[in-house]
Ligand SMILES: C[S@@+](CC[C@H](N)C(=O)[O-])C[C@H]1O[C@@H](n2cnc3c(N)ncnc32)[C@H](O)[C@@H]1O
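Here's a solo chain for you in structure tokens, the form predicted on its own.
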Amino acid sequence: MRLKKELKIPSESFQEIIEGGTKLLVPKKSLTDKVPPKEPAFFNPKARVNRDFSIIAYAAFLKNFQGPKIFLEGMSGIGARGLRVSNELKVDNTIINDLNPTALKMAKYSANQNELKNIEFSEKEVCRFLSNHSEKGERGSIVDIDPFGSPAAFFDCGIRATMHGGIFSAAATDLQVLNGLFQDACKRKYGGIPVRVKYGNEMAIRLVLGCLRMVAARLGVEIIPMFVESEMHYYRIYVKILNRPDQKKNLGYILHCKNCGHRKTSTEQEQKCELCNSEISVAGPLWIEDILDKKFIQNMLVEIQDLKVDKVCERTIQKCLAESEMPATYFTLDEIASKMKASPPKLEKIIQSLEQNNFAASVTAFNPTGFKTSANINEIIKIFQSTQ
């Protein structure tokens, strides 16, 4: 029996679209309603760029990966990401899992429409699914988790299901928790506390990575962040998994002075600001080392040329490349201008001025008016004043 007949898809409720190079059967209401409904199955058309970034990152990873190329998706919905991986990338096998049988039927229909042979379907609770792939020979080279809310509950089973040298990727949509509105909830879920700051999205991603690092340490596993992504409604991390203990001091704190704006990372907490002696706000514990791997980002830029993705992706990845070796945390033009009570100069001009004064400086993908630099707040203001 053909899948199309078996599904009995009512034409007024479902629609076929093309995303990237892949045909997808989606609920019509997900294309017309302001908030995509969860019934009969969830699909968010606005997350297309999110999926585009995944395709680029996974293409860059697969290009140089020598082992079996197996993609495991724990919470697939209608299977948009997994179907695209199976159809647009060179993988040996894709296994997509979801608890919604209607979503899986739609995914099977789409797989049929794309004539995919290298794809399997699973209807299990996500950790049960991943646990079934936690033994040697069963693990994925890419493991992807895209939950509603926090991914922290799935870190243990996700790491166990990722083979040595593989990529584990997870999204977080509980932005209010991660950005400091509910500190107790953040500490409970991620083991660290945020501070309300202008660069809150970067701090949030470092909290997610810090939590993953703590779980990985218990399992004797090392994580290496390769790429991160920050959008209005979600954060996403991509990390390499290595089956060896991590001896590095990559967990610590962001120390932020709300009086003068000075901030820095440290493995130890401090009480007073080293610039103005005011009380310090402490965020963490969180990840304090690099969150972007320069070589991996370069490989993403190479792979993007052969993929059907949104043009915004390349511009964002170029910014990631520029900031890949910069210090943690960024400043914004408005933040500096408000301290000086002056109108902000152009971004290019301030970066150029910082470099001319022998400081490292770059744009950042986290904020269109943001910049990263090795200069501290006092040094930045001094240079700002000279550009007025």
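Position 1 is the first residue in the sequence shown; the rest follow in order. Because the structure is a prediction, the values reported are computed rather than measured.
The protein also exists as the form predicted together with the ligand; that form is not presented, and the subsequent description refers to it.
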Is there a heavy atom of Arg81 no more than 4.5 Å from a heavy atom of the ligand in the predicted bound form?
-> yes
Could you tell me if Asp146 has a non-hydrogen atom within 4.5 Å of the ligand in the predicted bound form?
-> yes
State yes or no: in the predicted bound form, is some non-hydrogen atom of His164 no more than 4.5 angstroms from a non-hydrogen atom of the ligand?
-> no
Examine Glu202 and determine whether its closest non-hydrogen atom to the ligand in the predicted bound form is within 4.5 angstroms.
-> no
Just one of Met75, Met300, Leu209, Ala107 has a heavy atom within 4.5 angstroms of the ligand in the predicted bound form, so which one?
-> Met75
Could you spot which one of Ser169, Ser141, Asn97, Ser86 gets a heavy atom to within 4.5 Å of the ligand in the predicted bound form?
-> Asn97
Counting only non-hydrogen atoms, which stretch in 268 to 276, 121 to 129, 304 to 312, 224 to 232 is within 4.5 Å of the ligand in the predicted bound form?
-> 121 to 129
